[in-house]
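Take a look at this one chain, the form predicted alone, written out in structure tokens.
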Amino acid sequence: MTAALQVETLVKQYPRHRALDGVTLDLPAGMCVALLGHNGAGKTTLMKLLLGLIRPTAGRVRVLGEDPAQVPPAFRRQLGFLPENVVFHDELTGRDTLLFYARLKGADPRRCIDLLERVGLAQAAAERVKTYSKGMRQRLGLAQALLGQPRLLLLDEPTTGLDPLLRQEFYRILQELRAAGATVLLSSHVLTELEARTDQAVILRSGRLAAWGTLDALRQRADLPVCLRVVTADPDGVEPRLDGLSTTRAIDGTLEVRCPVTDKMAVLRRIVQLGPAVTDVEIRLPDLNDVYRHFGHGPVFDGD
């Protein structure tokens, strides 16, 4: 199977800084991948390179097997892009805006109304864009990115301004596209949303690849501790009995015990032996926020 995205030792050098420095990735089709990194890490630069909007200083870029900077316009119909800051012509209506982009992309204009309905803009389709809120403009941008049948979606902060129901609908649409074989590269700072909805995470730091893989693989590589949250009515009496463990007390009086993953069961047995003094135990594995904090400040990915 042809990889959806391939970049090899990718470098993008600007006069005063290097935006990307030797990034190598190989992502198969049909995956939803979280692209993470601090502001200025190189996320937007990578997306522009994948779209063919800019050229690399060095290295190789392949999108759906082709060099995105040298493909004919018809090839671009397979790509969908939603930038972080969406700008449309204020005097056009939502419907006319989407029809305009459908003509540019060579997509079926009859789908425009369906897309506006899916993103919650059917009732506002005849209104001018200048009357739209930021969230409505974001929804219109999402409809634009979904025009046609994109095999690759590049989405930069796509859920900004969306309410919880529309966010659920957005991720449902992504699931349908993935099921049809599309690949999604999704950049967002809302990591809690991404954890259960993406297959892999790519973490950039200062233009370099800090980490890349599934959440489970990144957890193992980071060797982050497990947190056991101990609920007790008597924290003063329980805490001394957990002597030797890494224990902190939360504001609500619960105790948080951190230990290596390999020690989890032994620590849990020790907590259970405290009997009625403990009313509940909650086990929390390292989440995507923990993984991101670790690799965002740790060594860059070495390819192992």
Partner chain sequence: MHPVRVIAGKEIRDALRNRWVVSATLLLAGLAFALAFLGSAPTGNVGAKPLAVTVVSLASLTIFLLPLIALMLSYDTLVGETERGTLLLLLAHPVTRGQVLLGKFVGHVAVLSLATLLGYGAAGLAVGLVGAGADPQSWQAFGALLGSSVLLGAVFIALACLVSALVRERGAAAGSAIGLWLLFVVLYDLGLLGVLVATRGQIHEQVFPWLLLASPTDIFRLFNLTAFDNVRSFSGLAGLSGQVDFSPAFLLGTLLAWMALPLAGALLVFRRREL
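What you are looking at is a predicted structure, and each value in this text was computed from that prediction instead of being measured. Residue numbers count along the first chain shown, from 1.
Below, we turn to the form predicted together with the partner chain, even though it does not appear here.
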| item | value |
| --- | --- |
| Complete contact of 176, 194 and 199 with the partner chain in the predicted bound form (any heavy atom, 4.5 Å) | no |
| Heavy atom contact within 4.5 Å of the partner chain in the predicted bound form, the stretch among 158-166, 119-127, 208-216, 82-90 | 82-90 |
| Heavy atom of residue 51 within 4.5 Å of the partner chain in the predicted bound form | yes |
| Exercise: residue 144 in contact with the partner chain in the predicted bound form, heavy atom 4.5 Å | yes |
| Distance check, residue 77 to the partner chain in the predicted bound form, heavy atom within 4.5 Å | yes |
| 4.5 Å heavy atom contact, residue 104 to the partner chain in the predicted bound form | yes |
| In the predicted bound form, residues of 14-38 near the partner chain [heavy atom within 4.5 Å] | 14 |
